[in-house]
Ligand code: URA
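Quick heads-up: it's one chain on its own, the form predicted on its own, in structure tokens.
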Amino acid sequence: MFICVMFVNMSENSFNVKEILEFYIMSGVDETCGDVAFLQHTEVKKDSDEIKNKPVISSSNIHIALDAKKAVESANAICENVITIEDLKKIVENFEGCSLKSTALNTVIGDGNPSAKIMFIGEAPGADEDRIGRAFVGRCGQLLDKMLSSIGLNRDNCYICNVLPWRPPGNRTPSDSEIAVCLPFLKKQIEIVDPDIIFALGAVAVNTLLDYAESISKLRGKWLEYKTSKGKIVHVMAGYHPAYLLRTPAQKAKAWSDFLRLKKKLEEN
């Protein structure tokens, strides 16, 4: 969830402010952070030397917001009649509503069993995934495979994907608008796979999925719930992303305890 300040002079701006507000609300904006907008110009009164600051929003930012809103609507529309992962991959590969596609080598959808009852969701493809075109195949993927094996799982009995199908340049954190545009593709994968359990790898994955804004340290190890478009309640657990564990090996003990909880839940189902 992000915070945005919006001040628009209705009398001087011909843009559809309602559409802009709807997009920001849909993307998670829920409050303003000040009385002065992030962009402003100054207006000098003719009859005095007094300078008055007048908050405005630039036309370029308005266009960006409207373009993103249209991209989200387009993503939702093209997902409506998709019934297989193969079909979804085709439409995502042809989707032009996200700028990340222009800098990525490949569109990376899910990997594994599309009928699995357990689904793992990461953040975005890395350099190896972008080059090869498969989810979690680099060092992170190798570690994830070992973690899965430790509780009797593999790619034949689980499904693995990311919030984003394209790698952000330099592996940067994806923006809120990029996540909003790609979210329909993630939700469609969940609908197609129809899992009973989702394990969210990292803060971006769990916050996107559940519309939270919490640190992974506060969310990990707890059973949460996700409601699908069809009304099904899916058990969700959040844990550390393998990339974080590679950087911080001391946290592997906590990751192991999370996977033991996951194993217990799988056995109960």
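Computed from a prediction, not measured in an experiment: that's the story for all the values here. Numbering starts at 1 and follows the sequence shown.
Another form, the form predicted in complex with uracil (URA), is not on view; read the next lines as being about it.
With a 4.5 Å cutoff on heavy atoms, residue 122 counts as touching uracil (URA) in the predicted complex. The shortest heavy atom separation between residue 140 and uracil (URA) in the predicted complex is within 4.5 Å.
Proximity of residue 135 to uracil (URA) in the predicted complex falls within the 4.5 Å heavy atom cutoff. Although the partner is absent from this view, residue 241 contacts uracil (URA) in the predicted complex, with a non-hydrogen atom inside 4.5 angstroms. Of the stretches 125 to 133, 180 to 188, 80 to 88, 97 to 105, only 125 to 133 has residues with a heavy atom within 4.5 Å of uracil (URA) in the predicted complex.
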